[in-house]
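Before any questions on binding or motion, here is one chain by itself as structure tokens, the form predicted on its own.
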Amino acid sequence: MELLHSGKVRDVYADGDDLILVASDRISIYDVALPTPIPDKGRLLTALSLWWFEQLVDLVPNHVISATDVPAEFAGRAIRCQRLDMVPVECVARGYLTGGGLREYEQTGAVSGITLPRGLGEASILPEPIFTPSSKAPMGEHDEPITYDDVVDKVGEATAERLRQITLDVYRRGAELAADRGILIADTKLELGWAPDGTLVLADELLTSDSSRFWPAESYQPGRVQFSYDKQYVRDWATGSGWNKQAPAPDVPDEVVEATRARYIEVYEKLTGNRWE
């Protein structure tokens, strides 16, 4: 095998015509990898992605070839997958207003060029889910929000419309399944690529605690910050620490590591119905 790329969280190896995608226990916020790992994170996110890929396979194809035909040292945290020509866009769907979307709305009344009703605030549910793509920034730089017209400029109108439709379809199906299990999906980010036959295929991770915001439905209350099952807890700690969001990042305290791992496990168990061993 040949190491092709070591990212903030994932390592990618070439194995013949296939790729081996390995999820580490590293955690990244504000596009910076933190020095402190979250134990079991790579295995948890891999298992959750595989569960979601299976739930949505009738909606859109995915890159998974095998979750078991991987090197023994990566067992449980790796996927053998198809090589794709990746789309140069981060495909984001939002059903609620929070994070960067809220900040943009407060400044402009719109998110990614989509004008929203007046009077929305933290955690407001949107009239309907919206497609709010972002750029794929080079390593060490931050992704930036872009408009649908920007996506058209990058990939053409037909592909842009397909990306938007897939993203919203995945979000709606995922949000419906999660709601049945007591989880609200505030937003999610997808990666897509072209297979050799020209099909658009889901890649990377899917509807995980690293790529989505998960909130417990039972305590949801618009107008305030929600309890979060994702890495927002680490973002909140980092913001309170005074860190300037530039590398190098500070060490994460043990109690933040433990609480984050517990949240990743809880949402995995709630969504899949499987007990984490």
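Source: prediction; values computed, not measured. Numbers follow the displayed sequence, beginning with 1.
Below, we refer to the form predicted in complex with a small molecule, which is not included among the displayed structures.
Asker: Within 4.5 Å, heavy atoms only: does I130 come near the small molecule in the model of the complex?
Answerer: No, I130 stays farther than 4.5 Å from the small molecule in the model of the complex.
Asker: Does the small molecule get within 4.5 angstroms of any non-hydrogen atom of V256 in the model of the complex?
Answerer: It does not: once the small molecule is placed as it appears in the model of the complex, V256 has no heavy atom within 4.5 Å of it.
Asker: Would A78 sit within 4.5 Å of the small molecule in the model of the complex, counting heavy atoms only?
Answerer: No, A78 sits far enough from the small molecule in the model of the complex that none of its heavy atoms falls within 4.5 Å.
Asker: Please determine whether A203 contacts the small molecule in the model of the complex, using a 4.5 Å cut-off between heavy atoms.
Answerer: A203: contacts the small molecule in the model of the complex.
Asker: Spot the stretch among 146 to 154, 118 to 126, 101 to 109, 84 to 92 with residues whose non-hydrogen atoms come within 4.5 Å of the small molecule in the model of the complex.
Answerer: Comparing against the small molecule in the model of the complex, the contact stretch is 84 to 92.
Asker: So the small molecule isn't shown here. In the model of the complex, which residue out of R162, K136, R172, R181 has a non-hydrogen atom within 4.5 Å of it?
Answerer: Partner contact (heavy atom, 4.5 Å) among the options: K136.
Asker: Pin down for me whether the D31-R224 Cα distance shrinks or grows in the model of the complex relative to this form (closer or farther, change of 3 Å or more).
Answerer: Closer together, by at least 3 Å.
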